[in-house]
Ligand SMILES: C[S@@+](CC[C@H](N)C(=O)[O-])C[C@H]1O[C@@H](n2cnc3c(N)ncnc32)[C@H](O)[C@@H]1O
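Below, in structure tokens: the form predicted on its own, a single chain.
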């Protein structure tokens, strides 16, 4: 059934919001103020999701997407408006979330990024020898020849997909500062890869198939802001190096004393700081090995790394000035929050990819800490995702 919807605002995922029969309706791809003809494609108890059939009254902000797959691919959210307006929407969204869930008013500094060709890692699905992403509302594969948000060196691999004879599965492609490439493939079928031809046109460092290294190495060196990092194909590492370089400049501006870097991964954020001593804590063994290696190649001799969960922070027998946290989307667990409150560091640096869980955690610690600065980082342009970097200072009455 076709319905007409007037878009009143955006939700926190960048979708248009309207109402139909007193129920909230989310409309992906709609712009505030537009009148659209749409179909309800998902009807829940408290909300519905609609798909646009026709835009009856388009917004003056609407533009033609540069990506030919935008209307069907589930990767990007904002190619129907320009980057400036995307960033306005994202900033207002983060401010609203922090106000709603943490009862805090923030005055953020917004850090922009280049619009396209920034992403250094992508994963594509493979079906019937075609590569692509899933449709926004199904698991139907949208075959692509290029991904505009991926680095050009990654798109060059996509353009060489005829050199891969893979019927079904997935392929992860990772590229570093020097456009070197590591490829990881998962497939249940027999496969064939013309590695000789592929290597002639691309800087192939390694190829892994079904967790078995079949060519080269499974890691390479990444360089950001004068620092070097060993990065494994499975390692977590920020996908936008321009923004990561900006983060390094922000957090490296002052000496933070003795630091604990929780969820330290391969040591990225902690290594980029000025400090007296650093304790990195991480629960993934491979990441700790890489963090130790990365400290050595960056000639940092006062970095100590522990394979452990956050509770081990209590075993550090030394005054801690600063705690850095970069947790998963689920945010900090209760134990970690309690540990931070127990330790009472002078500073907390909280990096978050989920404003809702960030706001939830800020609501817990706001009685003891105040926000010194709040950065919104457009780490993922043209998508719904956003990164935040918050500097917190312990309140004087808690010292």
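Just so it is clear, the structure is predicted and the values come from calculations on it, not from any experiment. Residue numbers count along the first chain shown, from 1.
Below, we refer to the form predicted together with this ligand, which is not included among the displayed structures.
Are 284, 309 and 328 jointly within 4.5 Å of this ligand in the model of the complex, each by at least one heavy atom?
-> Yes.
Looking at 235-243, 146-154, 128-136, 159-167, which lies within 4.5 angstroms of this ligand in the model of the complex, counting heavy atoms?
-> That would be stretch 235-243.
Going by a heavy atom distance of 4.5 Å, is residue 75 a contact of this ligand in the model of the complex?
-> Close contact is absent here: in the model of the complex, residue 75 is far from this ligand, nothing within 4.5 Å, heavy atoms only.
This ligand contact in the model of the complex: residue 291, any heavy atom under 4.5 Å | Although this ligand is absent here, residue 291 would stay clear of it in the model of the complex, with no heavy atoms inside 4.5 Å.
Considering only heavy atoms, tell me if residue 259 and this ligand come within 4.5 Å of each other in the model of the complex.
-> No, no contact at 4.5 Å.
Examine residue 305 and determine whether its closest non-hydrogen atom to this ligand in the model of the complex is within 4.5 angstroms.
-> Because no heavy atom of residue 305 falls inside 4.5 Å of this ligand in the model of the complex, the answer is no.
Select from the listed residues 313, 183, 269, 98 the one whose heavy atoms reach within 4.5 Å of this ligand in the model of the complex.
-> Of 313, 183, 269, 98, the residue with a heavy atom within 4.5 Å of this ligand in the model of the complex is 269.
Exactly one of 118, 220, 279, 263 has a non-hydrogen atom within 4.5 Å of this ligand in the model of the complex; which residue is it?
-> The residue from 118, 220, 279, 263 that makes the contact is 263.
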